[in-house]
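As a starting point, one isolated chain is supplied in structure tokens, in the form predicted on its own.
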């Protein structure tokens, strides 16, 4: 009898094995939870067991020294149990309330802010940026650092009408994600092709297949196999750049940053929503991106003042309407906010007949 081959571990490992014993014991049996203060969650089980979770903000990309520091804090102050959230926050769990204050003090000593719970501005979910990605037009990590420095008070306090989730993406096609406010790279010109390098660096059929709007086709340029772009079809997404670096899409003058508002993934209160463009053409002005920060802070200020309790960003915009949104925020409404792409009629179901 042939021995069965062990399966290849290629997915996410079972998370239950890493849970705090108290979490594992009472999994699915919690009576209620509350927040003693911003950044601290308190869960009480039906049998009376209690557990406190302390949430701290961290950067998404960390050096080994920082990781060891966080792990040492877990070993010395939090029973050795720790986990990261989807928005790059770190959470420590303890079953003794007397350990909460020393844990918060130790995290503060090392510069990790406590917050991100309740009606606060959460840590920004972002892409890998220049460190790992093959297509970035900006460094999402840098934008996050610059922006969260200015939103620090909104992270450690719970003073927003509802939770505000932000995201950043260093290109237009890969990792943007839905968020109340999304900062996304925006290319505004088609790629410039270095025809001398295409034949040696690119597999042309792959590049042609990669284009989502069929704007790329093979061509013979100066007697060499190359590619050409139908600029009337090109939507400047940059999908062709990873498989073919000679199709350079990044440009210091024409690659900008755009702000999108009103996206959410949850079904809480209302259905999930797509975010919509509210500001375009903002300069990709490293290392602090002041123009991007000014727009985001302005939107948050108006939302904080005008929204009703528990309204998410999309709920608030639906109530007041987009014209009022632009009027209250002072953002200009331009021709770039109108979707006039020639393929929209067929691909965005923009008719009375529903198509998928």
Partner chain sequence: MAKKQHDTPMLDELESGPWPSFVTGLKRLANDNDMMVDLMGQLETSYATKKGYWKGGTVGVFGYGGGVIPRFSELKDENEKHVYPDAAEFHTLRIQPAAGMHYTTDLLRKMADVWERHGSGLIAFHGQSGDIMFQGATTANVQPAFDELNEMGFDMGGAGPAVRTSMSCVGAARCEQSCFDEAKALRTVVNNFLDDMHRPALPYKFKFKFSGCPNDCVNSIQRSDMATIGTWRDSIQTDDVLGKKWFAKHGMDELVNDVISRCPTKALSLKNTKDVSTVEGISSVAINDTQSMQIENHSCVRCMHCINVMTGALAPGKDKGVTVLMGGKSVLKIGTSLGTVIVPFMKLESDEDFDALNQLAQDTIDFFAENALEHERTGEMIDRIGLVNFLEGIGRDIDATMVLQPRANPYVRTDGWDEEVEKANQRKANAA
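Throughout, rigid core stands for the largest set of C-alpha atoms superposing within 1.5 Å between the two forms. Numbering follows the first chain given and starts at 1. In this text, all values refer to a predicted model and were calculated from it rather than measured experimentally.
Quick note: we don't show the form predicted in complex with the partner chain, though the next part is all about it.
The closest heavy atom approach of residue 134 to the partner chain in the model of the complex falls within 4.5 Å.
In the model of the complex, residue 239 approaches the partner chain with a heavy atom inside 4.5 Å.
For the chain shown alone, residue 30 is a contact residue for the partner chain in the model of the complex, at least one non-hydrogen atom being within 4.5 angstroms. Looking at residue 332, you'd find every heavy atom of it more than 4.5 angstroms from the partner chain in the model of the complex. Taken together, the three residues 188, 217 and 280 all stay farther than 4.5 Å from the partner chain in the model of the complex, as judged by their closest heavy atom. This chain is displayed alone, yet in the model of the complex one of 83, 157, 99, 195 has a heavy atom within 4.5 Å of the partner chain; that residue is 83. Here is the short version: of 233, 224, 210, 204, the single residue with a heavy atom within 4.5 Å of the partner chain in the model of the complex is 210. Contacts between stretch 286 to 324 and the partner chain, counted in the model of the complex as any heavy atom lying within 4.5 Å, involve 286, 287, 288, 289, 308, 309, 310, 311, listed in sequence order. Superposition on the rigid core between this form and the one not shown places the CA atom of residue 148 less than 2 Å from its counterpart. Once the cores line up, the CA of residue 258 ends up less than 2 angstroms apart between this form and the one not shown. The Cα shift for residue 182 between this form and the one not shown, taken after rigid core superposition, is smaller than 2 angstroms.
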